[in-house]
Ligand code: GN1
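First, one chain by itself: the form predicted on its own, in C-alpha cells.
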C-alpha cells in the first residue's frame, strides 16, 4: 500500500503503527550500518516507546519477504516460549502492524517502513567486558538457535541470496579490483596481499579459505538450518537489573543457512576487546578467554542439536567470518563506500584492517582455540 503522507515524515509514518493520537518525540536510535532507525516516544501510560525503521531497499531488495520472515520467526519463538523452560524471562520482538493490518508501510516516496516493539529496561554493548558477559552473549545465541531449531528452513525466504557465501564475495572483490586503481599505501597493500594469500591457499600451505564451509555444506557434512545472520554482540539485549541476556534483536538477516556463520560472527565480534570501530588496528587481538566464555554459554543451550561435524568446523567458522567481513569492508572501500555507512572516506579501509588483523590473531592461536572447542565437545558437563 502506498500512503498519502508527506515524504519522509517520520511522525506521520509512525502514526501508521499506533492507535495513540499523540507522539511526543522521535529521535535517531542505535548505531546500525544499514537501516535508518528511530525511537518513537508516545504520550501513553501503556506503551511508551516503539522502534520505527526505514528498511534499506538497496540491501534488502524484497522488504515484504524480510518482514514475512521476521513475522514467522517471532511468532514461532513466542509459541515455543510458552512450552520451554528457561532460567530467565526471555523476550522476543513483536512486529507492529499498520491500521490496515500490514507488517510494513510504504510511503509516497516508495520507502518501506516498519514498527517493532521496544524492549524496555535493557541495554546492549559494543565490547564484552568480562567472561561472565561473554557467557551471556553465547547463551543468547544458543537460546535463539534452540527456539528456531524445529522451524523448517523451507518456511523462510532467502531474502539475501549469496549472504555469507564467501566465494561470491571473493568474486565480487576481484570484479571491483579489476575496475579500480587502488591507492598505493602501506595499508592498502597489506589488504591486497592478505586477501591474495588466503584466497590462493599459499598462506601457511593451507587450502583456500573462502570455500571451507560451503564445501562442507555441499558434501553433506553441515546441514542447512536457520540462522540469525548478524549476531554481533550489540544485537544482544541485557536486562539492566539482572545483567542477564534477555533477547537477541535485528532479525533482518534471518534466513536459511549454516549456524556456523552465526557462531563464527558471534565469536569474531565478541572476542575482540577493542571493538570493530577502533582505529588502532595494530592492537587487535582475539581473546581465547572470551571465546571460551561465549562457547560455554552457547553450548549450554545448543549442545542438544549439534553434531560431531558441527564441532569440527567451529574454528574454521571463526576464522572465515573475520576474513569475510574484512573482505567485504575492503571491497566496499575500493568501490567507493556504497554499501556500509561511513563517517570518513577511509572508514571501510580501517574496518577491513581490523578484521584482517583479527583473522591473523585467530590463525596464530589455532591450537588453543581448537583445544577449547574439543574440551567442550568431550565434556558432558560444563
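Positions refer to the first chain, counted from 1. Here the structure is a predicted model, which is why all the values come from computation and not from measurement.
Just so it is clear, the following notes concern the form predicted in complex with the named molecule, a form of the same protein that is not shown.
Chemist: Exactly one residue in 210, 296, 159, 235 has a non-hydrogen atom within 4.5 Å of the named molecule in the predicted bound form; which is it?
Modeler: Here the answer is residue option 235.
Chemist: Among the candidate residues 250, 107, 136, 310, which is the single one with a non-hydrogen atom no more than 4.5 Å from the named molecule in the predicted bound form?
Modeler: Looking at 250, 107, 136, 310 one by one, just 250 meets the 4.5 Å heavy-atom criterion.
Chemist: For the chain shown here without its partner, which stretch in 159-167, 299-307, 97-105, 184-192 has non-hydrogen atoms within 4.5 angstroms of the named molecule in the predicted bound form?
Modeler: Going by heavy atoms within 4.5 Å, the stretch is 159-167.
Chemist: Do residue 329 and the named molecule come within 4.5 Å of each other in the predicted bound form, heavy atoms counted?
Modeler: Residue 329: contacts the named molecule in the predicted bound form.
Chemist: Should residue 262 be counted as a contact of the named molecule in the predicted bound form, where contact means heavy atoms within 4.5 Å?
Modeler: Looking in the predicted bound form, residue contacts with the named molecule do not include residue 262, since no heavy atom lies within 4.5 Å.
Chemist: Under a 4.5 Å heavy atom criterion, is residue 325 part of the interface with the named molecule in the predicted bound form?
Modeler: Contact with the named molecule, yes.
Chemist: I'd like to check something about residue 60: if you look in the predicted bound form, is any of its heavy atoms closer than or equal to 4.5 Å to a heavy atom of the named molecule?
Modeler: Because a heavy atom of residue 60 falls inside 4.5 Å of the named molecule in the predicted bound form, the answer is yes.
Chemist: Let me know which residues along 259-278 have a heavy atom within 4.5 Å of the named molecule in the predicted bound form, or say none if there are none.
Modeler: Residues within 4.5 Å: 265, 268, 276.
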